[in-house]
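There is one chain below, alone, in structure tokens, taken in the form predicted on its own.
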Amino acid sequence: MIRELSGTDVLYLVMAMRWTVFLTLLALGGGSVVGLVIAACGASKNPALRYLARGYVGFVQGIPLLVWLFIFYFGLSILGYSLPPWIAAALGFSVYAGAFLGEIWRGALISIPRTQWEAGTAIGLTYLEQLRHVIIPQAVRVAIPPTVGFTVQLIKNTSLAAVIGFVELTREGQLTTAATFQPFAVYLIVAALYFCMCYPLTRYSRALERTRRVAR
């Protein structure tokens, strides 16, 4: 039965934001682990590791995010591994985020002058020690803007999880629209809530970037 849009509906939309944030944090956590490995391999002196990292990035980025969600949710269920929607979504987003974060961070690592690497080698640091003590502290300044930019995109891309039954902000908007038949009002509220999540993050990134530039 069609009914009027009420304050309760708006509250449900606001509450659905927590699942969008939850999925984003899961994707960033899993994607960061994968991304660090890909970045380290991509910046390595070992050609085999560089080709492996390049192959992973090219393969994952060549497949739409929606397809990755289908693979983990529908594909694994065909093989007998039925996953809850939130786990399938977290795995799909982690694989996807890992490729992009890995490429972003690899670019930040290789942007550091080669002399910095050579200085680390000259004082006897191993490759991992060079990354930890010399390269990464400098690369962080380079990596902040694109990383936050990708995070903002990731927040908005969580809306795709609705197709496998995960009820986040966009899916809750769909359910509310079906009940009230007021799509314009509902999706204006949804858009405003996404803006409230993304805009402060962008502002914080710019402030953090300025602070690190001054510290430099």
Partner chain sequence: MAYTFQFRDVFAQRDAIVDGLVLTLELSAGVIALGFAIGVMVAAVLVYGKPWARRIAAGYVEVIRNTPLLVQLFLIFFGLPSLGLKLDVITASVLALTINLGAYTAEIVRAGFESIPKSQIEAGISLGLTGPQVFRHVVLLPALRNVYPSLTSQFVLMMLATSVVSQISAAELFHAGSIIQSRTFRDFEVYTVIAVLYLGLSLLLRMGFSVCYRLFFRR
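Positions refer to the first chain, counted from 1. We call the rigid core whatever largest set of C-alpha positions still superposes within 1.5 Å between the two forms. Predicted, not measured: the structure shown is a model, and the values here were computed from it.
The form predicted in complex with its partner chain is left out here; the points below concern that form.
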Heavy atom distance at most 4.5 Å to its partner chain in the predicted bound form, all of F74, L79 and F195: yes
Selected contact from G58, G165, P47, G29, since only one has a non-hydrogen atom within 4.5 angstroms of its partner chain in the predicted bound form: G58
In the predicted bound form, W117 touching its partner chain (heavy atom, 4.5 Å): no
In the predicted bound form, W105 touching its partner chain (heavy atom, 4.5 Å): no
Contact flag, R54 vs its partner chain in the predicted bound form, heavy atom cut 4.5 Å: no
S159, heavy atom within 4.5 angstroms of its partner chain in the predicted bound form: yes
Any residue of 160-187 that, in the predicted bound form, places a heavy atom within 4.5 Å of its partner chain: L160, V163, T170, Q174, P183, F184, Y187
Is_shifted R203 between this form and the one not shown (CA, 2 Å cut-off, rigid core): yes
